[in-house]
Every structure is written in structure tokens, then in C-alpha cells.
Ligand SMILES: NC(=O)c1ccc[n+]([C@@H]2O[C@H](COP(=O)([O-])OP(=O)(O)OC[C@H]3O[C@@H](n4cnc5c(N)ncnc54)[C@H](O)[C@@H]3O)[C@@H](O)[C@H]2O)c1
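Only one chain comes next, encoded as C-alpha cells, the form predicted alone.
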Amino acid sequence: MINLSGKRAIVFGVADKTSIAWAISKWLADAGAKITLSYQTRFRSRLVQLTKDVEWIEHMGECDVAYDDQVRDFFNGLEGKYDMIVHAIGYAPATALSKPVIFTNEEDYKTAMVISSYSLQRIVRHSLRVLNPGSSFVTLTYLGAERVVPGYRIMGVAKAALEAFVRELSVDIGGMGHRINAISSGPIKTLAASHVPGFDNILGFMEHTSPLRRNVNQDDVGKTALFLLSDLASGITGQTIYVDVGFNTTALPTDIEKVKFE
């Protein structure tokens, strides 16, 4: 059993009860950690209801990671030191997700890259003054960073940049004794995923093709995040860990002979 008693975590990315960030928060709390949540204004009412009477939430603060000054002010407003930070943020405008990347305009590209990728650098940079020695970061990525996934489009480009940031940042903060890793999760039904065109078809193919013959869920990711953020993963940094029920290991369905082509 992992014991995080006395540890404090900051979690970015909780939008509602289906959020992977919320599952991670609960697993950290079950291990004894106290949680601080960051939220966007548009999700405040949901979070107030979600966290009502939740004893392990010690603080909530507004922060839009699209703006450097808000990230700075969020960390400046915190008291004490922290041990773990979760970056579970991804966003691209609907106008970008609705068309192939060749038609993505510069404004939508910048939005997707800043919120989904560069925001990790902002969070790490501004958090350094509030970290205890040997602190750890976890961010969330997806196989679309490496392969073309229908409907994922510009988010695949942004997630590829995010994974590169993890590698680069691991060197930058490694000398300070801190670690950072990414979890490449399989597709999960969340508020963010609902905006990806054809998402239900992706879930169906995943369940049919993956070695475990099922889809990954929030708790699968939450347990892995708990491990990576704990001292049990003290020798792991700069890595992308797959939590996708083995899907990334497959190339074609095992029953490919049953697939009919027109």
C-alpha cells in the first residue's frame, strides 16, 4: 500500500466527475494526500458541487493556464510546500477538430499548443518555489501524439509537443531532484473526449483490438499516476508510460481475416 500521509498535491484539469484528473485526485487522497484543485471559471459551479463535504480537498483556486499571469498568481497565492502536481489539460477549438490539420489556421494552432502543451512548462516553471525536495509531476497524453488517430487532428500535434516537453523538462528539473512523467492513456469517456469526432467508434475498435479486450478507465490511469507520483517510482523520469490495456502493442486486429474490404 502506498502511503502519502503528510503529502500535498496540486491537480489541474478537473472539469466534472468523469475527469481523469478527478480519478487521480481520489487515488492520491485514498493514499493519504491532501489535494488542491485548480479550476477554470466556467467549471466552478460543478466543482463546488463535486467537492462539497470532501474532506481531502484543502484548497481550490481559479486559474486559466492559457495566461501566464494567472498561473503565476495561482502559485503565488499558495501557502506552504507541495510534493506532487498533476497536469491533466487538453484543449483545441472545435474549428480545429472539425477539419484536417492542413486547414488548421494559425490562431487555432496556437490555442491548442499553448493550452495542451506549453501550459505544462508554465506550471512547472511557476511551481518550483512551492515544491518540496524530490517532488514529482505527471501529465496526460495519448497515442495520437505518435500515430494518426481519426478525429484527433491538431490535438495529436499538441500532444507530441507535450511529450517532448516531458523529456526536456526532466533534464531541467532533474538536477533539482524533481521528476516528471507522462501517462499515455487509452480513450476514456470524459467531457473533453466528447468533442473528438467519431469517439464512440474509436472506443469500439479499442475494445475489439486491445490485448485485454476492453477499454481503459479512469481508475486504471489514477492508479498509475499514484505510482508515478510516489517514491516507488523514484528512479523513473522523462518517460511516457502507456495505460491503454496494451493497445499500443498491436498493429492489426487479430481477426483481420474477418474484416471485409469493398
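Residue positions are given as counts along the sequence shown, with the first one as 1. Treat the numbers as computed from the prediction; the structure is a model and nothing was measured.
A second form of this protein, the form predicted together with the ligand, is not displayed here; the remarks below concern that form.
Remark: Ile115 counts among the residues lining the ligand in the predicted bound form, judged by a heavy atom distance of 4.5 Å or less. Heavy atoms of Ile10 never reach within 4.5 Å of the ligand in the predicted bound form, leaving it off the interface. Ala88 belongs to the set of residues with a heavy atom inside 4.5 Å of the ligand in the predicted bound form. Taking the partner from elsewhere, Cys63 is found to have a heavy atom lying within 4.5 Å of the ligand in the predicted bound form. The chain is drawn here without the ligand; in the predicted bound form, the stretch among 163-171, 101-109, 75-83, 179-187 whose residues come within 4.5 Å of it by any heavy atom is 179-187. Of the residues Phe227, Phe205, Trp56, Phe43, just one reaches the ligand in the predicted bound form with a heavy atom at 4.5 Å or closer; this is Phe43. The candidate site formed by Arg153, Ala158 and Phe247 is entirely out of contact with the ligand in the predicted bound form, as no residue has a non-hydrogen atom within 4.5 angstroms of it.
Residues of 119-143 placing a heavy atom within 4.5 Å of the ligand in the predicted bound form, in sequence order: Leu140, Thr141, Tyr142.
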